[in-house]
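As a starting point, one isolated chain is supplied in structure tokens, in the form predicted on its own.
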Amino acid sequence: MQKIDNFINGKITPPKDKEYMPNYEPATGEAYSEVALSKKEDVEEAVAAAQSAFKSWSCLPSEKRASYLQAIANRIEEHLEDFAQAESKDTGKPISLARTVDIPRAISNFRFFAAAAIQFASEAHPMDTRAINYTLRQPVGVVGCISPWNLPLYLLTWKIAPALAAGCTVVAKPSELTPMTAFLLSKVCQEIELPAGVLNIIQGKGNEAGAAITGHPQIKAISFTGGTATGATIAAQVATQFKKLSLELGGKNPTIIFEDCDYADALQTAISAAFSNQGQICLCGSRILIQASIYEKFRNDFVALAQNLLPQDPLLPETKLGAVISKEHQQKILSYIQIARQEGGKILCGGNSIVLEGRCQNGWFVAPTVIEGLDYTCTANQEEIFGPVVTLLPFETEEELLQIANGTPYGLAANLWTNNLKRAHRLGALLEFGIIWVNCWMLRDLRTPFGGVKNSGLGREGGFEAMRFFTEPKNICIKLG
């Protein structure tokens, strides 16, 4: 069985204690490889390599750093099918999604930040004829990048690329549930001869390898994407060390449908926002808020589409819905559906696990589930389920809409469907979310800041905001004359 090892100081490196855990394919429920269970000693080795490489990497001309990032992007593109196969097998997502969205977006991350490395600029503030102040933005040093299992390569490169572009060296950790694309990235870095120690990838569990990264005194900044509870633990751990910290956490995002929307577009996008990647995207619209005048029609049309969206083998090209990440996560999703029943919710479709025939008979599948009849304060409308489960809620007025939409601890994203321009601007300012999409969903411009408010995170990623995060500003004031 293939072993998935660490990447330290430019070499594929087994864990020091030679411990591994099974890596399961969600669609079959079977282990197909073994992933390194790294410990503190492995992280120490990676940090030492990153420290050794930092001086030369940070002093490289930005054009040279950019050329390495472009080379990584080009090589991933050459091996796109290998990466897509690995991502689909690791996550259970449809291979069509990996081919057309996840892997291309990872490529775009490297290409965007390769260009950003050359264009990154600082500020100057003249004080008439007395003096001039200018700001140097210098890389902070060794940084830690920790990414989740749902979009493993895309979100890992979303962190790695700006850190490398800014001149930092990186110790990264993918989820232990989805290690394969990071392992393939290690091989790409070897192929393009990225200088040793610039990027180090540690495989292993969060409570061991992840904690060793976030707690290491020589790691100066942490960028983490994952669950809110884990984010709170990391924030408490690094607070006394005064590290820079970026947290992109959970969401309970509303899809808001007004009667004046472009109905067909809103309906189809609401389905995509609800069930893409089996609902396992932090930006998924898991609460659908529908103006009362069109509630019944929209509900019926939405349920009809959801009923036809049945899970299939993720490796089939026509598959739209695959497996959820693990047996434990499948049980978690089903437990939330049961809670919704107990709280008075009506299951309009789904609500159960699915057993497929053939290769995937032991896989972890959940039917698309639509629930109505719950108050906005109920569990299914307050907690992140992170699966193919959505709730429907009617509203009459904008005031009621805002009460429902903003009435959760989360504030990551919302998508709003209306052709009333004044309403779009008005509600865009009043909705308590870091990202507001109007008449669209997941339309991303890498130049813009990305992140949530409330329990959905801290700080902003994306564009020059990400590069600024990986630098420290130093003000220099020079007296003139």
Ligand code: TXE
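Being a predicted model, the structure only gives us computed values, none of them experimental. Quick note: we count residues from 1 along the sequence shown, nothing fancier.
One more form of this protein should be noted, the form predicted together with the named molecule, which is absent from this view; the next part is about it.
**Student:** Can you say which of 341 to 349, 101 to 109, 229 to 237, 83 to 91 gets within 4.5 Å of the named molecule in the predicted bound form, counting heavy atoms only?
**Tutor:** Going by heavy atoms within 4.5 Å, the stretch is 229 to 237.
**Student:** Just to confirm, with a 4.5 Å cut-off on non-hydrogen atoms, which of L249, A182, A161, C360 contacts the named molecule in the predicted bound form?
**Tutor:** Exactly one residue meets the criterion: L249.
**Student:** Could you spot which one of L155, V366, A166, V390 gets a heavy atom to within 4.5 Å of the named molecule in the predicted bound form?
**Tutor:** So the residue touching the named molecule in the predicted bound form, by this definition, is L155.
**Student:** With the cut-off set at 4.5 Å between non-hydrogen atoms, does K205 touch the named molecule in the predicted bound form?
**Tutor:** Yes, contact at 4.5 Å.
**Student:** Contact between W149 and the named molecule in the predicted bound form at 4.5 Å, heavy atoms?
**Tutor:** Judged by the heavy-atom cut-off of 4.5 Å, W149 is in contact with the named molecule in the predicted bound form.
**Student:** Report yes if any heavy atom of N200 sits within 4.5 Å of a heavy atom of the named molecule in the predicted bound form; otherwise report no.
**Tutor:** No - in the predicted bound form, heavy atoms of N200 and the named molecule never come within 4.5 Å of each other.
**Student:** Does at least one non-hydrogen atom of F224 fall within 4.5 angstroms of the named molecule in the predicted bound form?
**Tutor:** Looking in the predicted bound form, residue contacts with the named molecule include F224, since a heavy atom lies within 4.5 Å.
**Student:** From first to last in sequence, which residues of 162 to 181 have any non-hydrogen atom within 4.5 angstroms of the named molecule in the predicted bound form?
**Tutor:** The stretch 162 to 181, when checked against the named molecule in the predicted bound form, contributes K173, P174, S175, E176 at the 4.5 Å heavy-atom cut-off.
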